[in-house]
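For this one, two forms of the same chain are given in structure tokens, first as structure 1 and then as structure 2.
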Structure 1
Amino acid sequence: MSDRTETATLREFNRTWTQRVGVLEESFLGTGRPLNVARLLFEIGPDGAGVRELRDRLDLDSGYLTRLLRRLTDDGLVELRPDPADRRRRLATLTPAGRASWRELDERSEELAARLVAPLTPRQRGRLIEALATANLLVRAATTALREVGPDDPVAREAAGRYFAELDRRFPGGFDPGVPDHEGRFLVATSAGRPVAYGGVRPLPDGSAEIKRMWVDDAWRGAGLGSRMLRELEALAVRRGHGRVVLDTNRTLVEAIAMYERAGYSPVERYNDNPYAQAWFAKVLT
């Protein structure tokens, strides 16, 4: 399938979907508010949300988000107040009128979804749900931004903690990171402000670079995010002047080993004293 065919299919689906769910209407689902304002109201939800969290979750410009919040506050649906835990941050919470509007929006969205699938047979609904779940995962993985961070970045620390916790669950004898080595530079992919993939590159004395702490959130596996992270780490190694990369892994991580082999890594002799490593790989970068 050509790139043009792929984009044509995606664009056709976008046109169909936006028309069917009322995105083009000035009053989304008859609420009297356009989609962007209604979506922000929905994301704040009954539990409220931090303004920074909303910006990260919806990937909105700070000024644009401020204007949307102003409309909701002017309508008496949202209140903004300092976060008791950090006075520098602001929290958005729904007023009683806002909670009523949120419930109305939730009910109308549910009714629309039910109407859309009502003409389908149970088998067709199953196919649709499976296809949409796959599409949702793949589109999110493709559009998730990767950024370079230092090891002390809060998101990097969270990702490393989750990586160590997974190794502890999966290794037969558990995993003790000891005092983690923070040398090198790291890439992190985030979604809604939370890390979903992580990895780093550090230099070795022989001039090679070592790829370390490759991790992908369980819910995001199968969407190619791990392979994308690996390619970006290789590119980072090249930018830092390395022509060869190495890595080690444990044989219980069979998915990772399969990914490395698909990416052109070849087995090599042990090059370090990592007590948890059972397999070592290398790749010459071009």
Structure 2
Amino acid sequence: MSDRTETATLREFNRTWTQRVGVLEESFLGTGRPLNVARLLFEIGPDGAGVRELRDRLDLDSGYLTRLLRRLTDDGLVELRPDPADRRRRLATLTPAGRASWRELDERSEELAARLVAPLTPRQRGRLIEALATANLLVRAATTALREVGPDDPVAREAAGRYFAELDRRFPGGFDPGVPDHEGRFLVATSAGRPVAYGGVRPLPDGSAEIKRMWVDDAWRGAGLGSRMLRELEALAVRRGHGRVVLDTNRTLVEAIAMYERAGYSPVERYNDNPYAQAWFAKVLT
């Protein structure tokens, strides 16, 4: 019903943004250098970057990227050297001249942003920035894919570490993960290669699946990533043949409990001997 006005608002905004900001940006950043060359220079950044990594980030053909890099090296802005760790790869770093160009790009971009909001009153400026921050979070959350991984995937391990660390901070008596357990399938959402949301399912002897280790990075909360993780974990459990999911949690985790209830979970009796668990929930999957 309101679907149509929702998409209309989104499309209208997109039109405004690309027309008023995107165009401005191109004319700003593109001075002197072709747009893709400028973007590449910007992406390499003061700390340098691997060529392979740049290819992924900018989604460019390898041959094309090589040629773009050539222009930058010819202009004396960038230096390429083999990666000592893997000599098939090359690392790109900015020369002093390159750093100067980078700073100039950065300043232009900063100036563009400042100029864009300048006509607004401070009050309206505040409203705009707040709206953009909200939209940024939600758009990122909406466009971040949940990837299925095993428990020993490096990203999964990093996420688990951060999950345990948070429990240790929040539980009054701390938290001890005990012996690592290599069972189950996990979903992770990543941003720039780092995990921002994580969760898993494990089969139980009675045929249910247990949802475990649900975790969302602080900076990504409030965007519905947790609910989405829960939904997709349930779908994963269904795919693996389970008709019912259970989970346990600690009374400290109030937001989590509220979310389980919103998602249709009902309290059940203790089904395990997890010493940290104080509440148990279950939901039948259709």
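Values in this document were obtained by computation on a predicted structure and should not be read as measured data. Residue positions are counted from 1 along structure 1's sequence. In this text, rigid core is short for the largest set of C-alphas that superpose within 1.5 Å between two forms.
Legend: structure 1 corresponds to the form predicted alone, while structure 2 does not. Relative to the superposed core, L233 undergoes a C-alpha shift smaller than 2 Å between the two structures. For E130, the Cα coordinates differ by under 2 angstroms between the two structures after the core has been superposed. Superposition of the core reveals a Cα shift of 2 Å or more for D74 between the two structures.
On rigid-core superposition between the two structures, the C-alpha of D59 is found to move 6.6 angstrom. Superposed on the core, the two forms differ at A49, whose C-alpha moves 3.0 Å between the two structures.
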